[in-house]
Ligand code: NAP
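Below you will find one chain, with nothing else, as structure tokens; this is the form predicted on its own, and questions on how it binds or moves follow later.
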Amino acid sequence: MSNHNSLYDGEDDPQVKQEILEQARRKLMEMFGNLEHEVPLLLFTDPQINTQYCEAARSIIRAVQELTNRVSLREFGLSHELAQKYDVSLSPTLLFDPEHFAIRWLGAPVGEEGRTFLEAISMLGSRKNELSAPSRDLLAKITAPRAIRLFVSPTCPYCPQQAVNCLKAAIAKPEFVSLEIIDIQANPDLAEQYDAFSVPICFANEIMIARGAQPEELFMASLLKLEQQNIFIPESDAEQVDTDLTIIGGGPAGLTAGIYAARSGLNAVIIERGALGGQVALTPVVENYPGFTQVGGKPLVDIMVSHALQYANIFPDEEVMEIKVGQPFQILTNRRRYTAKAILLATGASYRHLGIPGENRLSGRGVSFCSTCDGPLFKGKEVIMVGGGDSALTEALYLANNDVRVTIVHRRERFRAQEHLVRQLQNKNIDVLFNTEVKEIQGDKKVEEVLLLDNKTGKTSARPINGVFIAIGYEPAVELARKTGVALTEDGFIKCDAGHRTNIPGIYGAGDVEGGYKQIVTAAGQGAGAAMTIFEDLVTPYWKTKKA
């Protein structure tokens, strides 16, 4: 205890303080000693606005100038022609080497943000960003502008981490990435405009992509996809991957199968060509998954993926092109080759289309299959939701909760959805047109109206509309199964026995592609069951037993 007190007592001693300052000074001089490039700074101020922040910015920059001759400072008023050239209107605004980079600081780099400022000078002067290889790969995929706005506070210890992530992106990819670091204390109006009172919070192209500090790779993935990413899966450059079990499909069935297979001792991998989680990732709200009274589809998927990653390797954005039957199986993707003792087809299902004129032509221009993806674009506008099952009612409720005027169009005289969803629909006073079918979607460059058929009276009417959302079920993704020779049912699903075995020994099916109830818990259960069957079959192959 006495040692603890004496340490703090020593720090109060002027001589000790001076030694600490000298150590910090030497460390900074060493940090700036090898800067190869000039770092010109342009400071724009107004003597009547934020004067304390203006003076703080000057002081910080002058202190750095004492440590290196590579940093220069020029100061201008907001009425100067350079302020117009660089579209500067707030005081103080600090530009970093504006001839080469689009990086600016709105406020002063004081408090915790002093660390960020020093990192910025170091990276700009050395042109070194020390990005990890996965981060470089993610940045390389950015081929369109990303205008970043990062809100920070001098009192936030987490802000520098996210600020450095942003700086690395802006320095590594200056042709596409611009950055504004905004001090919410110096710019409260901007903070209020963006509801940025919990920092750090990051926007790109006016879309919120990250709340809180992130690991570098997660930030780069969020910047690439323009939405917050919670899981980072590093890419593999392996030309061949040898496995006991290759799972094709990264929905609930595939992810659960990966967990159960690996826990049984199998070397399992999961390949997914689209979004991990499948349809669940696009579901606004899940209310029937055990353990969660209510949970968003994307957060639920993130939990599943995080769990599966503890056991199995996941290969996202990779499409299986061909399966060569044999022992071992050979799976060819658009990136590499896999070998496997067994294969699980958990390829899921895709949205079913109406098959009417205008549907394909106007897809993405008012015709949508995902309310989570496109619903915010129709705020204050009028749309129809086509369908009468759980998905249609869930998505209609999501739209209504987001200030979209929605009418449900259903070809039958009653819903097929769960009763509690029907009650919620009634509570929201959402209009419903029963016994009605959409015969055509019309519009030049976007959806303008639909032709509706009353299938009881046979009368057709036109209805002006801004959007058409379609939720009429799914088509099983069986192209790969069909091409491989896997037998299908009369309804077009993969034909399996009670153990999820197909007609080809060593190939199994699970999830929506196998048919049955289209429920997350059902798919997960089928994935678990298939994995346990596969383990047992690999220990004692039933096809060898039959031959004997």
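On a predicted model such as this, the values are computed, not experimentally measured, just so you know. In this text, residue numbers run from 1 along the sequence as written.
Unshown form predicted together with this ligand; subsequent notes refer to it.
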Can you check whether R463 is within 4.5 Å of this ligand in the predicted complex, heavy atom basis? no
Counting only non-hydrogen atoms and a 4.5 angstroms cut-off, does R104 reach this ligand in the predicted complex? no
Give a yes or no for R365: in the predicted complex, does one of its heavy atoms lie within 4.5 Å of a heavy atom belonging to this ligand? no
Indicate whether this ligand has at least one heavy atom within 4.5 Å of a heavy atom of G111 in the predicted complex. no
Name the residue from R416, H100, R337, R273 that puts a heavy atom within 4.5 Å of this ligand in the predicted complex. R416
Since exactly one of T489, N503, T51, Q519 fits, which has a heavy atom within 4.5 Å of this ligand in the predicted complex? Q519
With a 4.5 Å heavy atom cut-off to this ligand in the predicted complex, the contacting stretch among 257 to 265, 440 to 448, 473 to 481, 229 to 237 is 473 to 481
Could you list the residues in 34 to 73 that come within 4.5 Å of this ligand in the predicted complex, counting only heavy atoms and keeping sequence order? none
